[in-house]
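Just the one chain here, laid out as structure tokens, in the form predicted on its own.
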């Protein structure tokens, strides 16, 4: 926990401001003197990376909005105008487009770290739930942003995804149609749809920033989790956030942005789709409609279920499960470092998610394992659809069966008594923070 403030105003102006608006005190307590577990590794740097990614997306998005025209007849050409005529417009657009992918890459690593080290367990349930809300807002923002270039894949993606809501007509007649019509702003994807998506795509990042503020607030109330999962028990378990973690996070951000820069300057279209370089035409449908890579696992789940309504529920349910994780996993041990059985199931979950991403990018009828061929010479056997069904089943089984059952039956390894307990076979006492061991005197 943050504990009592140690900030002391040094000038008359600081004392005057602190008595009226303690903004400097808040910044000092949050980013300078905040006591942080001293054993955090580089998996904990992705929170800072995500904050920088969000700021990058907002700044570049505002600049792009100054030149973009949310009109069905001019949207595609306005993007070309940004690329060709606006000073450094090509760079700003590529930073924004690839920044979305970097944002999702970092958030998936951040979520995986939270699942592995048990960062959702009490007292951090609200912190986890706020993170899930941020993820949902990111998905909505990313989808709407993908529609804005108004290329062939953007248009087809908008048609496919918005039509999914019509499945709810099977639950309440007319409900799905009403939602779909509202999203379209009419009776088909068109100019009104583009205007709606542009307005929401501009608004949602600021909503994300607001929830991020709550997320950080919740973090500073409960304090950081750590790789051992052991709570902070004394001041010896912590170090000030600055300079220890500001330097560490800064280094990780630089390394991450080297990868980001490589995509921007050397492979700016590598994560996109070639069909999106063609202006949208409602009379032409791409041969293979695929979303952005960060939606592919959920797209694979959607296609794996033959019935439309159950496919939609399966896709949304996969996201909804994340909200329930704090109550599905009741193990008293947080970190999977000390849960060897859970660790193997978690590795399988990561592999299943990656496999679903691969399935989402393939044709449903593509053969994974060939067992024969038709009279025309076409291969037959185990298809991508069946692989996606198996992987989707495991994804759900992990959250609904594995986590609850392991909570009751698993035998974890011995957990350290404290963060400062030395990990040595001979044991020994932990030294206070900043203390040096004195040489032993001979009697």
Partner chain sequence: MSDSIGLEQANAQPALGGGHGAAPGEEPSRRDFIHIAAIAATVGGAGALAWPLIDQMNPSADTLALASIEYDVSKVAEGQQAVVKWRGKPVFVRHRTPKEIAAARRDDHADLRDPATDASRVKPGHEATLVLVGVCTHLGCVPNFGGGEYGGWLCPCHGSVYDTSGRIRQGPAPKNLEVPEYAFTGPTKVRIG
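Numbering follows the first chain given and starts at 1. These numbers were taken from a predicted model, which means no experiment stands behind them.
Missing here is the form predicted together with the partner chain; even so, the following discussion is about that form.
Visitor: Only one of 196, 233, 248, 343 gets a heavy atom within 4.5 Å of the partner chain in the predicted bound form. Which one?
Guide: Exactly one residue meets the criterion: 196.
Visitor: Have a look at 71, 277, 331, 285 for me and say which one sits with a heavy atom within 4.5 Å of the partner chain in the predicted bound form.
Guide: The residue from 71, 277, 331, 285 that makes the contact is 285.
Visitor: Any chance all of 36, 208 and 220 sit within 4.5 Å of the partner chain in the predicted bound form, going by non-hydrogen atoms?
Guide: So, no: the whole triplet misses the partner chain.
Visitor: Among the candidate stretches 333-341, 114-122, 300-308, 141-149, which one is within 4.5 Å of the partner chain in the predicted bound form when only heavy atoms are counted?
Guide: Residues of 300-308 come within 4.5 Å of the partner.
Visitor: Quick one: does residue 186 come within 4.5 Å of the partner chain in the predicted bound form, counting heavy atoms only?
Guide: Yes, residue 186 lies within 4.5 Å of the partner chain in the predicted bound form.
Visitor: Considering non-hydrogen atoms and a 4.5 Å limit, does the partner chain approach residue 265 in the predicted bound form?
Guide: Looking in the predicted bound form, residue contacts with the partner chain do not include residue 265, since no heavy atom lies within 4.5 Å.
Visitor: Can residue 321 be called a contact residue for the partner chain in the predicted bound form at 4.5 Å between heavy atoms?
Guide: Heavy-atom contact with the partner chain at 4.5 Å: absent for residue 321.
Visitor: Is there a heavy atom of residue 164 lying 4.5 Å or less from a heavy atom of the partner chain in the predicted bound form?
Guide: Answer yes; at least one heavy atom of residue 164 falls within 4.5 Å of the partner chain in the predicted bound form.
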